[in-house]
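The chain below stands alone, shown as C-alpha coordinates; this is the form predicted on its own.
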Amino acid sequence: MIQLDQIAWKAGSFAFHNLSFTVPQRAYAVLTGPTGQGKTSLLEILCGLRHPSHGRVLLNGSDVSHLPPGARNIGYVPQDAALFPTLTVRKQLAFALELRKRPAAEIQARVDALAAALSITPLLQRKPDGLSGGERQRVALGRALAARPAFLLLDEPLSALDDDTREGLLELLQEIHRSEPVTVLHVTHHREEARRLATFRLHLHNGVIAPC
(Lines give C-alpha, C1' and ligand atoms only; values in the text may rest on other atoms or scores of the structure.)
Protein backbone atom coordinates (compact mmCIF):
# COMPACT_ATOMS: atom_id res chain seq x y z
CA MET A 1 0.00 0.00 0.00
CA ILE A 2 1.23 3.49 -0.93
CA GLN A 3 0.05 6.48 1.12
CA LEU A 4 0.75 10.17 1.12
CA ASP A 5 -0.67 11.79 4.24
CA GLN A 6 -1.25 15.55 4.39
CA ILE A 7 1.75 16.37 2.21
CA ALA A 8 2.82 20.00 1.85
CA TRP A 9 5.56 20.90 -0.63
CA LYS A 10 6.50 24.01 -2.58
CA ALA A 11 8.80 24.87 -5.48
CA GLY A 12 8.64 28.45 -6.72
CA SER A 13 5.00 29.36 -7.28
CA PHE A 14 3.89 25.70 -7.35
CA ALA A 15 2.72 23.99 -4.17
CA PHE A 16 0.83 21.07 -2.68
CA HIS A 17 -1.21 21.72 0.46
CA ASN A 18 -2.36 18.83 2.66
CA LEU A 19 -2.40 16.38 -0.24
CA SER A 20 -3.38 12.80 0.62
CA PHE A 21 -4.11 9.60 -1.27
CA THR A 22 -3.87 5.82 -0.88
CA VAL A 23 -3.04 3.12 -3.43
CA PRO A 24 -4.13 -0.38 -2.32
CA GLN A 25 -1.53 -3.10 -1.98
CA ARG A 26 -0.79 -4.99 -5.23
CA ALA A 27 -2.85 -2.51 -7.27
CA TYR A 28 -1.76 -1.24 -10.65
CA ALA A 29 -2.60 2.42 -10.05
CA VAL A 30 -2.56 4.94 -12.88
CA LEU A 31 -2.29 8.65 -12.08
CA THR A 32 -3.53 11.09 -14.71
CA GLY A 33 -3.91 14.87 -14.80
CA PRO A 34 -3.04 17.94 -16.86
CA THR A 35 0.56 18.90 -17.57
CA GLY A 36 2.20 20.98 -14.85
CA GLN A 37 0.14 19.59 -11.96
CA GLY A 38 3.10 18.02 -10.15
CA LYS A 39 2.72 14.33 -11.00
CA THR A 40 6.47 13.80 -11.38
CA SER A 41 7.11 15.70 -8.14
CA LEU A 42 4.74 13.33 -6.33
CA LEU A 43 6.73 10.32 -7.54
CA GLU A 44 9.94 12.01 -6.41
CA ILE A 45 8.44 12.70 -2.97
CA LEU A 46 7.51 9.02 -2.70
CA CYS A 47 11.05 8.01 -3.72
CA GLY A 48 12.70 10.41 -1.28
CA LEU A 49 14.21 12.59 -4.02
CA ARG A 50 12.14 15.58 -2.84
CA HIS A 51 11.30 16.38 0.77
CA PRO A 52 7.92 17.78 1.84
CA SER A 53 7.74 20.47 4.48
CA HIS A 54 4.87 18.65 6.17
CA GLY A 55 3.15 15.27 6.05
CA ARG A 56 4.15 11.63 5.83
CA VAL A 57 5.01 9.01 3.24
CA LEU A 58 3.83 5.55 4.27
CA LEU A 59 4.60 2.27 2.50
CA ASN A 60 2.68 -0.79 3.63
CA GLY A 61 1.82 1.14 6.79
CA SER A 62 5.40 2.09 7.72
CA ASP A 63 6.42 5.76 7.86
CA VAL A 64 9.40 6.11 5.50
CA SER A 65 9.36 9.92 5.37
CA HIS A 66 12.89 10.24 6.72
CA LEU A 67 14.45 7.22 4.99
CA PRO A 68 16.87 7.76 2.09
CA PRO A 69 15.76 6.63 -1.39
CA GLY A 70 17.71 3.37 -1.27
CA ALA A 71 15.97 2.25 1.92
CA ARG A 72 12.39 2.60 0.68
CA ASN A 73 12.17 -0.65 -1.33
CA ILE A 74 11.04 1.30 -4.43
CA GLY A 75 11.92 0.74 -8.07
CA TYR A 76 11.68 3.97 -10.07
CA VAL A 77 11.65 4.50 -13.83
CA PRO A 78 11.94 8.24 -14.63
CA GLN A 79 10.53 9.63 -17.85
CA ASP A 80 13.89 9.72 -19.64
CA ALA A 81 14.94 6.25 -18.33
CA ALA A 82 18.17 7.84 -16.92
CA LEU A 83 20.39 4.88 -17.79
CA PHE A 84 24.02 5.07 -16.70
CA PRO A 85 25.87 6.04 -19.90
CA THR A 86 29.09 4.12 -19.20
CA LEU A 87 27.58 0.82 -18.00
CA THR A 88 26.60 -2.16 -20.11
CA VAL A 89 23.02 -3.38 -19.96
CA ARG A 90 24.16 -6.28 -17.77
CA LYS A 91 25.74 -3.88 -15.31
CA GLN A 92 22.64 -1.67 -15.35
CA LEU A 93 20.50 -4.64 -14.31
CA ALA A 94 23.02 -5.72 -11.70
CA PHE A 95 23.46 -2.26 -10.19
CA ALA A 96 20.98 -2.40 -7.30
CA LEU A 97 21.99 -5.95 -6.38
CA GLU A 98 25.67 -5.06 -6.34
CA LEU A 99 24.93 -2.09 -4.07
CA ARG A 100 23.27 -4.55 -1.70
CA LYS A 101 26.35 -6.82 -1.93
CA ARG A 102 24.37 -9.83 -3.07
CA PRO A 103 26.38 -12.96 -4.04
CA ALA A 104 27.70 -12.99 -7.60
CA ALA A 105 25.80 -16.16 -8.53
CA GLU A 106 22.52 -14.62 -7.30
CA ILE A 107 23.17 -11.44 -9.29
CA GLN A 108 23.93 -13.35 -12.48
CA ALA A 109 20.82 -15.52 -12.12
CA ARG A 110 18.55 -12.53 -11.50
CA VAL A 111 20.04 -10.50 -14.37
CA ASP A 112 19.73 -13.40 -16.80
CA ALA A 113 16.14 -14.09 -15.73
CA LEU A 114 15.14 -10.43 -16.10
CA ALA A 115 16.86 -10.09 -19.45
CA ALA A 116 14.97 -13.13 -20.74
CA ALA A 117 11.64 -11.88 -19.39
CA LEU A 118 12.21 -8.44 -20.92
CA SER A 119 13.55 -9.82 -24.24
CA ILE A 120 16.84 -7.93 -23.91
CA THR A 121 19.30 -10.83 -23.58
CA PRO A 122 21.04 -9.90 -26.89
CA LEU A 123 21.66 -6.41 -25.48
CA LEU A 124 23.46 -7.42 -22.27
CA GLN A 125 26.95 -6.45 -23.46
CA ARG A 126 25.85 -3.18 -25.07
CA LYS A 127 25.89 0.32 -23.58
CA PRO A 128 22.87 2.68 -23.73
CA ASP A 129 24.19 4.72 -26.65
CA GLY A 130 22.49 3.38 -29.75
CA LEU A 131 19.65 1.54 -28.00
CA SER A 132 16.17 2.30 -29.30
CA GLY A 133 13.60 4.01 -27.10
CA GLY A 134 11.81 0.74 -26.45
CA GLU A 135 15.06 -1.04 -25.61
CA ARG A 136 16.04 1.72 -23.19
CA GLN A 137 12.68 1.47 -21.41
CA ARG A 138 13.01 -2.30 -21.08
CA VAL A 139 16.46 -1.88 -19.57
CA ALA A 140 15.16 0.80 -17.19
CA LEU A 141 12.34 -1.51 -16.11
CA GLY A 142 14.79 -4.32 -15.51
CA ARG A 143 17.06 -2.10 -13.44
CA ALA A 144 14.08 -0.96 -11.35
CA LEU A 145 12.87 -4.54 -10.78
CA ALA A 146 16.23 -6.20 -10.15
CA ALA A 147 16.18 -5.97 -6.34
CA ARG A 148 12.55 -7.18 -6.21
CA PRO A 149 11.06 -3.93 -4.88
CA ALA A 150 7.66 -3.92 -3.23
CA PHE A 151 6.76 -0.72 -5.14
CA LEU A 152 7.28 0.31 -8.75
CA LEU A 153 6.91 3.95 -9.80
CA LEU A 154 6.72 4.73 -13.52
CA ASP A 155 6.83 8.26 -14.93
CA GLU A 156 5.37 8.38 -18.46
CA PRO A 157 7.27 5.20 -19.41
CA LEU A 158 5.63 4.88 -22.86
CA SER A 159 5.29 8.52 -23.86
CA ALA A 160 8.09 8.70 -26.44
CA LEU A 161 7.47 5.37 -28.16
CA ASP A 162 5.91 4.50 -31.51
CA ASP A 163 2.62 2.60 -31.55
CA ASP A 164 4.09 -0.87 -32.12
CA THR A 165 6.71 -0.46 -29.40
CA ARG A 166 4.13 0.98 -27.00
CA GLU A 167 1.86 -2.03 -27.57
CA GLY A 168 4.67 -4.44 -26.74
CA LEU A 169 5.53 -2.59 -23.55
CA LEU A 170 1.88 -2.38 -22.49
CA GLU A 171 1.75 -6.16 -22.66
CA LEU A 172 5.05 -6.39 -20.79
CA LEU A 173 3.81 -4.14 -17.97
CA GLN A 174 0.68 -6.27 -17.63
CA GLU A 175 2.85 -9.38 -17.38
CA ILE A 176 5.16 -7.76 -14.82
CA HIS A 177 2.19 -6.92 -12.63
CA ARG A 178 0.96 -10.51 -12.86
CA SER A 179 4.34 -12.09 -12.14
CA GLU A 180 6.01 -9.72 -9.65
CA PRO A 181 4.61 -9.06 -6.12
CA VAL A 182 4.63 -5.31 -6.64
CA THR A 183 2.35 -2.31 -6.14
CA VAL A 184 2.57 0.01 -9.16
CA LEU A 185 1.97 3.76 -9.53
CA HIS A 186 2.13 4.74 -13.21
CA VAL A 187 1.88 8.36 -14.40
CA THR A 188 0.50 8.90 -17.89
CA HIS A 189 -1.41 11.31 -20.13
CA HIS A 190 -2.73 8.51 -22.33
CA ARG A 191 -6.29 7.33 -21.70
CA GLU A 192 -5.69 4.05 -23.50
CA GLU A 193 -2.76 3.22 -21.20
CA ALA A 194 -4.94 3.92 -18.19
CA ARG A 195 -7.77 1.81 -19.56
CA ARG A 196 -5.50 -1.14 -20.37
CA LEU A 197 -3.36 -1.17 -17.26
CA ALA A 198 -5.19 0.30 -14.29
CA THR A 199 -6.85 -1.68 -11.55
CA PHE A 200 -7.07 1.60 -9.62
CA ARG A 201 -7.21 5.12 -11.08
CA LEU A 202 -6.36 8.52 -9.64
CA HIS A 203 -6.58 12.02 -11.09
CA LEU A 204 -4.56 15.05 -9.96
CA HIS A 205 -5.92 18.53 -10.59
CA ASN A 206 -5.34 21.81 -8.77
CA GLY A 207 -3.43 20.09 -5.99
CA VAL A 208 -6.16 17.54 -5.23
CA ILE A 209 -6.01 13.81 -5.93
CA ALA A 210 -9.18 11.77 -6.19
CA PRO A 211 -10.12 8.28 -7.45
CA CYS A 212 -11.71 8.33 -10.90
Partner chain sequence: MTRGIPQKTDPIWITTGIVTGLYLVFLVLLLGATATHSAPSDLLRALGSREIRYAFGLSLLTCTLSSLLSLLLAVPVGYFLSRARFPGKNWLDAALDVPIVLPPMVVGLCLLILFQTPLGHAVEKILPFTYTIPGVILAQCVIGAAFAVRTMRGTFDHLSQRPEDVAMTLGCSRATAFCKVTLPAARRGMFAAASIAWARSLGEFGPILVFAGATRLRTEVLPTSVWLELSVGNLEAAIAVSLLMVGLAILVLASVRFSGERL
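Residue numbers count along the first chain shown, from 1. Everything quoted here is computed from the prediction, not taken from an experiment.
Although not depicted, the form predicted in complex with its partner chain is the subject of the following passage.
- Item | Selected contact from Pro69, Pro181, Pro34, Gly61, since only one has a non-hydrogen atom within 4.5 angstroms of its partner chain in the model of the complex | Only one option qualifies, and that one is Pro69.
- Task: May I ask you to choose, among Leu124, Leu131, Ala117, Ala82, the residue with a heavy atom within 4.5 Å of its partner chain in the model of the complex?
- Result: Looking at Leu124, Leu131, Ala117, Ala82 one by one, just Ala82 meets the 4.5 Å heavy-atom criterion.
- Task: May I ask whether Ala160, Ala194 and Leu197 all come within 4.5 angstroms of its partner chain in the model of the complex, judged by heavy atoms?
- Result: Contact check failed for every one of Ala160, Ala194 and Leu197.
- For the chain shown here without its partner, which stretch in 24 to 32, 163 to 171, 181 to 189, 39 to 47 has non-hydrogen atoms within 4.5 angstroms of its partner chain in the model of the complex? Only one stretch passes the 4.5 Å heavy-atom test: 39 to 47.
- Answer with yes or no whether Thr86 is in contact with its partner chain in the model of the complex, where contact means some heavy atom within 4.5 Å. Residue-level check for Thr86: yes, a contact with its partner chain.
- Query: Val111 near its partner chain in the model of the complex, any heavy atom under 4.5 Å?
  - Reply: Judged by the heavy-atom cut-off of 4.5 Å, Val111 is well away from its partner chain in the model of the complex.
- Is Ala104 close to its partner chain in the model of the complex, meaning a heavy atom pair under 4.5 Å apart or at it? Close contact is absent here: in the model of the complex, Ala104 is far from its partner chain, nothing within 4.5 Å, heavy atoms only.
- Message: Suppose contact means any heavy atom within 4.5 Å; which members of 95 to 122 contact its partner chain in the model of the complex?
- Response: Those in contact are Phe95, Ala96, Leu99, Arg100.
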